[in-house]
Structure formats: C-alpha cells, structure tokens
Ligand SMILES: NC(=O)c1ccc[n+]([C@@H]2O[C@H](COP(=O)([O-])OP(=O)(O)OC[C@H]3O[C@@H](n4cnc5c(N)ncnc54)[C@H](OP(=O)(O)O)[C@@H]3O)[C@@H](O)[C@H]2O)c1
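First comes one chain, alone, set out as structure tokens in the form predicted alone.
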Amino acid sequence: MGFTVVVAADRKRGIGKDGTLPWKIKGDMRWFREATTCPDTSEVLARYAMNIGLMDKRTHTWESLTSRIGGARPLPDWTPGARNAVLMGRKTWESLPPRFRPLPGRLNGVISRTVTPGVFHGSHHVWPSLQASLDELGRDPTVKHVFVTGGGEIFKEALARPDCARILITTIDAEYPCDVFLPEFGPEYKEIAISPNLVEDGVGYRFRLLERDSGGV
C-alpha cells in the first residue's frame, strides 16, 4: 500500500541529536499530531492553509495561526473503523517519552529485527521489516493512511520505495547540532502545497507537501 513520510529537518537536513529532536517547536508538534491522526488528510491541509501558502508572502506567528485554527471546525476524528497507522524504528519508539507511548489515536507500529514480532498489550505492533508492516496494514480495511515517522535508516529505505507516495516535511530555517540527517531524495518528488511562513520563538518554518511523480523526470 502507498504511504507518507513525515519528517522535520533543519537547513542542513538534520533531523535528530542523541535520539531526540534538537528543537521544540509547538507548531510542528501540533501539525504532526493532527496530520497523522486525522483520517481525512485534505481537511488537515486546508486547516493549515496549505493551498494558499505559495500566494501568501506574509510571515505568521504561531499565536496568529493557532488563533485562526482555534476558530476552525474540528477535524474529523479517528474511529476504530477509520484510523491511521504510524511506523517507526525501534530507536525512534524508545525515544518517545513513556507517557506518550503509544501515540494516541493511531495504530503504532515498530520496525525491528531484534524485538519479537507481534502485538504488545494491545497498544502497538512490532514487525521485522517495513515490507512486512505494509503487507499486513494493506489487508486492514480500518487503516486509511500509513505514515513513516523515522528514524534515519527507515527514512532511507522508505524514500527509495516506489510506494512512498508523499512526503510531509517541516523545513526549519535554522541549524542545530544533529547527528542524524534526512537522506537525499530524488526529483520524482514534486512540491504541490506549502503553508504560509511561520515563526515561533524567532525560528522560521513551513509545512510542505511533496507527491511522487510516478513518471519520474
């Protein structure tokens, strides 16, 4: 089944440091939560003005964006019959604070060659490979979208696969000390939507949507 990569990266494509994020951007955290939880991606894109980002040259504060979002209608919520799945490597899973594991409102999947596959405590699944996870999720009619959320090795494999249909990337206009970097991806990924410019605590960032062009270039 097709899937989406979700990632945030700084100017040098840095995505992590010592097993965690080197930044704390509330807007990106909220974007990640809503994009990966809501079963209707188009509603999320509209909520964040992704359809007008290229035309809107202003810079918005996070407060002004949240004010606008606060007045928007609620996003469609997940249900047992319409939910999303998030897939991540073992190190990414272990980097999540215990109080946030599993990520609520989503089927959580861990890709690991060292952890025994199966369902643990009814809260998350472990698969030995990305392919195995996609095979099983593709047979589950309740799963509407699958999001690959890290880390570096999982991203490298995912971005090279022809069934990687989309990339949702937060581009952060700053540099951080990182030890994990987003792999390069090819020109077959075309930007089709972008949010307005945002700034939070002096750091600028934007949300971007890239879709894979099956015809290549």
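Each residue number is its position in the shown sequence, starting from 1. Every value quoted in this text rests on a predicted model; they were computed, and no experiment measured them.
There is another form of the same protein, the form predicted in complex with this ligand; it is not shown, and what comes next is about it.
S.K.: Would all three of 3, 37 and 105 be in contact with this ligand in the model of the complex, where contact means some heavy atom lies within 4.5 Å?
M.R.: No, the candidate spot makes no contact with this ligand.
S.K.: In the model of the complex, does residue 113 have a heavy atom within 4.5 Å of this ligand?
M.R.: The answer is yes: residue 113 has a heavy atom within 4.5 Å of this ligand.
S.K.: Is residue 17 a contact residue for this ligand in the model of the complex, using a 4.5 Å heavy atom cut-off?
M.R.: Looking in the model of the complex, residue contacts with this ligand include residue 17, since a heavy atom lies within 4.5 Å.
S.K.: Looking at the partner-bound form in the model of the complex, is residue 165 within 4.5 Å of this ligand by any heavy atom?
M.R.: No, residue 165 stays farther than 4.5 Å from this ligand in the model of the complex.
S.K.: Taking 4.5 angstroms as the cut-off for heavy atoms, does residue 199 touch this ligand in the model of the complex?
M.R.: The answer is no: residue 199 has no heavy atom within 4.5 Å of this ligand.
S.K.: Using a 4.5 Å heavy atom cut-off, indicate which stretch of 58-66, 145-153, 184-192, 42-50 touches this ligand in the model of the complex.
M.R.: Of the stretches listed, the one contacting the partner is 145-153.
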